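First, one chain by itself in structure tokens, the form predicted alone.
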Amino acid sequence: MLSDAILILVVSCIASAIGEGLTWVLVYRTERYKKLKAEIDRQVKKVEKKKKDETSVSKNKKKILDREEGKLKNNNRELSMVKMKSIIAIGVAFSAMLSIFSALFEGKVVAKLPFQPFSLFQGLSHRNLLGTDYTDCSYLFLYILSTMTIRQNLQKALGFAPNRASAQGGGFFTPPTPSK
């Protein structure tokens, strides 16, 4: 069981590294991404400065601030579209890897959880396992958790994770803000 869990963690690390390499090739090294990223960083600073300087609330300043925030949201949406081809390629690659290793670990308990998952997650954590001991962990659950964790930390370490200010600026799926 321990060797299976270690193998899954190694596979997850390799998959995350390949995913980030693929993202770098398809997105991060392109001029369009670099230009949009620089523009977003510039606009974030501009919006933050305008929000700090907003001592007197005049209609004109509010309109200018709203216009700048709109530009920031549009650039974030454009950046999301640039990243979309990479997301699709990584999704296909991860799905292929998932199906290959799923056949290898079919019905095997690869880890023992120190807790019983919520009923919402029991189907995922106990997938294709016999018995009713819900502390048994399937390959799929461990692979998904480790890949998500490792990939996020790898993005932060490589400097590809979005900064918080630009992430708050909105994205492709961000609902529009209601106007007053």
Partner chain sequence: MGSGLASKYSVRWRESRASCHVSWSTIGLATFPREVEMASDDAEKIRVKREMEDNESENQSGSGKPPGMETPRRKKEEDIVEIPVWKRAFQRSAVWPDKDEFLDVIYWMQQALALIVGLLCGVLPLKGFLGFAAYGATSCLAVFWYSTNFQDVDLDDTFGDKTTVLKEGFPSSLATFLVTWIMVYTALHAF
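Residue numbers count along the first chain shown, from 1. Just so you know, these numbers come straight off a predicted model, no measurement behind them.
Separately, the form predicted together with the partner chain exists; it is not shown, and the next lines address it.
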When you measure heavy atoms, are Ile18, Gly21 and Val92 every one within 4.5 angstroms of the partner chain in the model of the complex? no
Hey, in the model of the complex, is Ala38 touching the partner chain, heavy atoms inside 4.5 Å? no
Partner contact for Arg32 in the model of the complex: the partner chain, 4.5 angstroms, heavy atom: no
Any non-hydrogen atom of Glu48 within 4.5 angstroms of the partner chain in the model of the complex: yes
Wondering, does Lys62 line up within 4.5 Å of the partner chain in the model of the complex on heavy atoms? no
Residues in 137 to 154 that come within 4.5 Å of the partner chain in the model of the complex by at least one heavy atom, in order, are Phe141, Leu142, Leu145, Ser146, Met148, Thr149, Gln152, Asn153
